[in-house]
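Form predicted alone, single chain, as structure tokens, below.
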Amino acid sequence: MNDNGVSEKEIFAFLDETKARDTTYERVLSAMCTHPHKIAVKAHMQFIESNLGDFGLFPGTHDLELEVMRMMGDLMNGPSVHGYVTTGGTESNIQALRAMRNICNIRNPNVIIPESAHFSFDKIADMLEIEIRKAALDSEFKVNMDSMKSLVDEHTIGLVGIAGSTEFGQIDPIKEMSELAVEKGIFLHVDAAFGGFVIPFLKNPPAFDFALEGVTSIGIDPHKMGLSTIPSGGLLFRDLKHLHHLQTHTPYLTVDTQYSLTGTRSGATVAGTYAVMKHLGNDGYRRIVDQCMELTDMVVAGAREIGIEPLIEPVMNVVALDVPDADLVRKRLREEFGWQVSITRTPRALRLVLMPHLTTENIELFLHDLKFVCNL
């Protein structure tokens, strides 16, 4: 740190230069985050000093969090859910499995997840000493239920289903997983970090939430398709006992227990999430999802015109294109045209996420450059 203070003008001149080196979203087709809605940003800044780690000091902000939980619960068909606003899907997944482990209290516990699950579950295995068993996928990149069933034993404490997988935007057969969880008397956590603000607004969405008896917890991220500020996640439990098994005694705060993973928690992201959910409502989110699905259809149709097929018909606004030498195509798209795309693990394919920051003009340009790079 410098001895003497630097002027605000100098600081922001430097920050402007620094920000200019960041990638702008206009050519980003790899991210599941986007520009936050302007009302979320305004609300975030209004509550920037609120710390829900000691929510007794901030009762107004805490009331907003309870309302956010209620709204998320309604979205997930859970009229009386319990939970809190997290930093995102990783924290939600950690806490959901931590609650499973603490409630079951058995030696050598294991949890069954799909091979398509987010890499946060590898962190969980390391942190919580829970064995993570990975079930195979079917030809549509959903979890194979026979594979999942074969991995369940007397030490299995829960299952995980993905509602909007990171690589393919696929939805696991959550209904069948719910039935298996009920049959075995184990927990079922649904990772809907991306899909939670998409699936309810699709035409003829599959069952994936608390409407299914076996679903015990859901993770959902407002900072993705919810258009809130980063970091905004949500962890929802069907039963209050889950939160009770996450509590830690906090003797020197205005409240005597915490149930969150982090100590300090931003009230600003709670306010941002509250504001954007209230402002957009179901109709607003439906319009946004419709627009993203139109762009998704445009990508698939345009790719087919130049001879490129998707690995599967898109379920939501994520597309995996079966291009030859996907890694080279990705490299050339980035280096020659500035497009940020990603690659699926198995099989190797070009992965695109069609977020609200994209336009038809963006997609037309991308398809033109993709055709050039693929020599088609």
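Being a predicted model, the structure only gives us computed values, none of them experimental. In case it trips you up, residue 1 is the first one in the sequence shown, and so on.
Although it is not shown, the form predicted in complex with a small molecule is what the next lines describe.
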| item | value |
| --- | --- |
| Heavy atom within 4.5 Å of the small molecule in the model of the complex - residue from N110, S260, N144, T166 | T166 |
| Option touching the small molecule, based on a heavy atom within 4.5 Å in the model of the complex, out of T156, T90, S266, T296 | T90 |
| One stretch from 147-155, 267-275, 188-196, 235-243 that, in the model of the complex, holds residues within 4.5 Å of the small molecule by heavy atom | 188-196 |
| Exercise: D172 in contact with the small molecule in the model of the complex, heavy atom 4.5 Å | no |
| Contact label in the model of the complex: A31 to the small molecule, heavy atom within 4.5 Å | yes |
| Interface membership of I162, the small molecule in the model of the complex, 4.5 Å heavy atom rule | yes |
| Interface membership of Y252, the small molecule in the model of the complex, 4.5 Å heavy atom rule | no |
